[in-house]
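Only one chain is shown below, in structure tokens, and it's the form predicted on its own.
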Amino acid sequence: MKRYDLIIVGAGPSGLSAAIEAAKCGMSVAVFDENAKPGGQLFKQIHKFFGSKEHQAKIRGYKIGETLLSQADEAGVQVFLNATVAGIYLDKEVLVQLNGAMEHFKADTIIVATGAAENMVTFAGWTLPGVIGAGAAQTMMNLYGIQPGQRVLMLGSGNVGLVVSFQLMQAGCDVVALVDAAPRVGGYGVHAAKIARCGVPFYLSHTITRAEGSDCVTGVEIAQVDEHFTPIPGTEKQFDVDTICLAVGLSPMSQLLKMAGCEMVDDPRRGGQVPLVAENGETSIPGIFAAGDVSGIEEASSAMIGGRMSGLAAAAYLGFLSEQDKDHRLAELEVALESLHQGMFAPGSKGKAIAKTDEGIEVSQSLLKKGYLDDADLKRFIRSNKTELTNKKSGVHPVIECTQNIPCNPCQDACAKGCIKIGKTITALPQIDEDSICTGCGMCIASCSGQAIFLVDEDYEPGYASITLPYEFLPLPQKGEVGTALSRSGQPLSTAEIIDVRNAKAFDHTALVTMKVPADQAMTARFYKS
């Protein structure tokens, strides 16, 4: 029986982060993961992360995964793949199915970082082939390069549903609708906006009543629901689809912790059955810790910080780290974690209807109910720094359509001229510094994880404006190409000509596409369709 100072179950973002911190303290660390590849959900996440520099903002998830794997290898962490942990027993003995046999391992400390499983909902036909979870769709697309379907309906408007809907379109799928029984969008508005401007309609206060088809999904019926979430007769709508994608929440995979005898609690705010844990992740059993989604559903950025905290706490538990050093380092991580727990989407705000931003501005009801900003929102939120100059770029200025207090601030670091300011907190709304001069470099557009920044020049040429927008679809438009400008709601506005396409390495796969539109559409055109 092989012994380690620390055994970690799960090689996802929290597990790897914990392993790195513990190994750096001198611990012998083994990580077991049932999958063929380490990294957990990170390698399915091709979008750019939110947060700030310390949270690895504007870096794509799979890149963060690669960094964690490299750091774990350098620290001497031993990672076992295709290794299913079957149980945790007395004296921290771990039973693992490995290489076709059951093997026993022993540790002085254990961190369980098993993550979460997708929830499902039942409706007539829900067991038909073609009904899949959003995570499964991500796995098919981003790990194996397989389209989940051609025509897809998404159920769920949280961040998972919004992000995966966009990635489905990137994979060439047609997302016919986004449906949610809740009366408002559950995820970040910037995620919803980039879907809406592609022409995807939102059906809030609606649910799926049945999937159509005999051998597989051939269609779906939805209906409006009342305040009790009961379908209203006569409101049914049909869509021809071959795939129904479900993004209806996650449940912590806490079975191993329960099996080990950890005290558990049923906490809906944390996702269901979770262990009682201290701030550093220690459970009711000394030396056994929980990290990441298994102790409460959060974003991956929070899971990585939580993993680091558990790794340090485990090291201190065995004397590899002094209590003084532990407290100092945990305090720094607490500050980083707290910054992610501010604003409209803080854990304490779940389920609450927020009426105003932290700045006292009325929130956009159009964004919450339709997925896009309306004209009234523009007057309240949109600030620009249009400065008359004499050079060629005299009219170029950024327009920022980020209207919620979300934890994200890389845009202020991206602008070398200091055109964009966030404020004292990471969740403050970004603002334009009127005294700064925009050079039109586009780094703010590429740095924005929510694709909510545009460069506008109302005076591009007589009668026409130019709009530079983020573009993450293939094939890229070509200079001189003529297509259609779409509004924030995805409605066709006019003919648009592509006048520039930039795709520099520094933009990290976010192309900057500039289109020429009639001057009166400078503040309404927000997407281009070939």
Partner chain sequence: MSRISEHPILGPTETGPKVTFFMDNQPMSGYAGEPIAVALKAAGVMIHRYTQKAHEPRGIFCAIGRCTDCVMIVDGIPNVRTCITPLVAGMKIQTQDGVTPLEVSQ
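Residue numbers count along the first chain shown, from 1. Just so it is clear, the structure is predicted and the values come from calculations on it, not from any experiment.
The protein also exists as the form predicted in complex with the partner chain; that form is not presented, and the subsequent description refers to it.
When contacts are defined as a non-hydrogen atom within 4.5 Å, all of Trp126, Gly133 and Met140 contact the partner chain in the predicted complex. Contact annotation for Gly145: at least one heavy atom lies within 4.5 Å of the partner chain in the predicted complex. Taking the partner from elsewhere, Glu34 is found to have a heavy atom lying within 4.5 Å of the partner chain in the predicted complex. Taking the partner from the other structure, the partner chain in the predicted complex has a heavy atom within 4.5 Å of a heavy atom of Gly149.
Interface residue remark: Glu282 is not counted as part of the site for the partner chain in the predicted complex, having no heavy atom within 4.5 Å. With the partner chain omitted here, the record of contacts in the predicted complex names 245-253 of 245-253, 268-276, 353-361, 320-328, defined by a heavy atom within 4.5 Å. Screening Glu472, Asp500, Glu54, Glu481 for any heavy atom within 4.5 Å of the partner chain in the predicted complex leaves a single hit, Glu472. The single contact residue among Leu378, Met344, Met120, Leu98, judged by any heavy atom lying within 4.5 Å of the partner chain in the predicted complex, is Met120. Shown without its partner, the chain has Arg60, Tyr62 in segment 58-74 as residues with a non-hydrogen atom within 4.5 angstroms of the partner chain in the predicted complex.
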